[in-house]
Structure formats: structure tokens, C-alpha cells
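Next up: a single chain in C-alpha cells, the form predicted on its own.
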């Protein structure tokens, strides 16, 4: 598969610098490049590789960075390379058929051109939208609704009464709709609170491997359109996540949290129950969110604070440590005298 620089520029919406008829046969990393490929400089720390790269063309945001090489100038080189990767590696066509070895309840409804792999189980009154793909050993419980053009990879489990939108991708080992962690402590027993709600997942959501999204106690746990969830994430019961959020690996969100749209959570961030997080909030890795947070700000630390306050606190702690060392040196010198 090959494309000219002109064809690639048209696909990504960029301006060509150099030979528009240059043939590109693939994509490579800027520090591990190969002739005939196109690469990108998405971060200034990679500028040092431009002079030595053997790639035939480079995506850059500033034409001065090309240093006379062929390239395409775009606003966001990382976005451009993502679109180019899809150009060279389109989604493989799946054989739209129900394979032998499936267990499909007669009262379920399977849309047109759906692929269901061996070992999958579809329970009664489940609905699978057209052009969707259900991988091997996927379990889809009663009354589940799955939209069109969805991809559920092998060993995904979807409990009863879950609603999944269109173009949703769920990777292997993930569980949607397990019971939330609800117990009333007693003297001799912790009484389990029945988890009677469901999970509602919007359109264009992607969920990584081995993630758990709990069903609501009452009502719905909700994941908004375009939200992307990484591997090994836990989302508790009755959580409401807005549109376009990015939630990276090992994040834990406790029950009844409301998260606005376009929020970002770094790895291992944690959120306590019953708090509200405003739109466009960003949390650094390992942040501990212990109270409600206003939107449009970046936070870090435990407990999470605005990042400038976090840095001031870290600097103060470091200064106190240095002062303590100097004080110990003075005391030791006095003892010697």
C-alpha cells in the first residue's frame, strides 16, 4: 500500500513542503525511521532526531523544523499521524456471519451483517445492532441493547439490562454491569444493598482491557459520548461521566461521582464518593481527589490541589528538609565545640 504526499496531505488537511508526488509506503518513529516512510515531530524533545532521520517526510507544526526535508505542515502532528496510520492500516473486514458454536437465545434480536464468534452467549431479549462484531466467549445478558458498528473483543462480559451506544469498542476481559460495592455495616453482618440499576454507555466510547464498570444501585451509571477509558480502570456505581473524557490506566472512581465533559485523569488517580468535578478538569497521575473540584483547571497531589499550589507546597517541603539538614549540621558542630 502506498500514497503520495499529496494524497496524505489531503487526508489530514495539511500543507505540503517539498515534492507532492513523493511516494510514501508506511509510517515510522522519528528516532527509528526508515526510507519511504513518513514520521512526525509531536514534541520538541524529538527535534534532535530531525537531522538524522531517514524517513522520507515529516509531519511538523512549524515549517522551520523541516530543515529542507519533505514534509506536511499541520496544526497537530500527532493527530495527523493517527489519521495516516488508519490510512495504511484500515480496520480489517470481518466475515459478517454467525459462526458455529455460539449460544444465541431465540428471543434475542441480531441485526444485519453481525459477526458472532464461537463460544459467545447471547441471552433472551438482547438486541445486537447491525454491523457489530461479538468476539469469542463474550457473554451478553438478558435485555442488553448494543448499538450498530460495535466491537466486543473476546471474553467481555455484559450483565443484564445494559445499554451500549453505536461504534463502541470494548476490549478483552472487561466487565460491564457487575454489582456496585454497596453494603450496610452491621454488628455481625454487612447487609448487601441490592444493585437494581444499569449502565448506559454513549456513542463512540472505547473501553480498555480488564476494566470494571459497576451498575447503579438505583438508576444508571453513565458514560458519555466519545469518552475513552484505559485498561485496569474501576468505575463505581451511579458514577456519571460526561462527554469526551480521557481516563487512563488504574484510575479508580468511587460511587456517585459526577464528572463533567472533556476531563482528563492521569494514571492511578483516585476519586472519593459523592463529589462533583467540573468540565475540562485535568488531574495529574496519582492525584487524590477528596472534594468537589471546579472545572477548567489542572490539579495534582494528594489531596489534589491546583497544580501551582501543589508545586509551591512541594518546594516548601523541600526547603524545610534543607533547613533541617543545616540545623542538624549546626547542632553537631556545637556539640563538637
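Here the structure is a predicted model, which is why all the values come from computation and not from measurement. Positions refer to the first chain, counted from 1. Throughout, rigid core stands for the largest set of C-alpha atoms superposing within 1.5 Å between the two forms.
Another form, the form predicted together with a further copy of the same chain, is not on view; read the next lines as being about it.
Candidate site formed by 97, 130 and 200: none of these residues places a non-hydrogen atom within 4.5 angstroms of a further copy of the same chain in the model of the complex. When contacts are judged by a 4.5 Å heavy atom cut-off, residue 93 does not count as touching a further copy of the same chain in the model of the complex. Contact annotation: residue 29 falls within 4.5 Å of a further copy of the same chain in the model of the complex, judged by heavy atom distances. Using a 4.5 angstroms threshold between heavy atoms, residue 168 stays clear of a further copy of the same chain in the model of the complex. Although the partner is absent here, residue 67 lies well away from a further copy of the same chain in the model of the complex, with no heavy atom inside 4.5 Å.
Taking a 4.5 Å heavy atom cutoff to a further copy of the same chain in the model of the complex, the contact residue among 294, 285, 34, 44 is 285. Along 200-233, residues 206, 209, 210, 211, 212, 214, 217, 218, 226, 228, 229, 230, 231, 232, 233 each place a heavy atom within 4.5 Å of a further copy of the same chain in the model of the complex.
With a cut-off of 2 Å and the rigid core superposed, residue 76 has a Cα displacement that reaches or exceeds the cut-off between the shown form and the other one.
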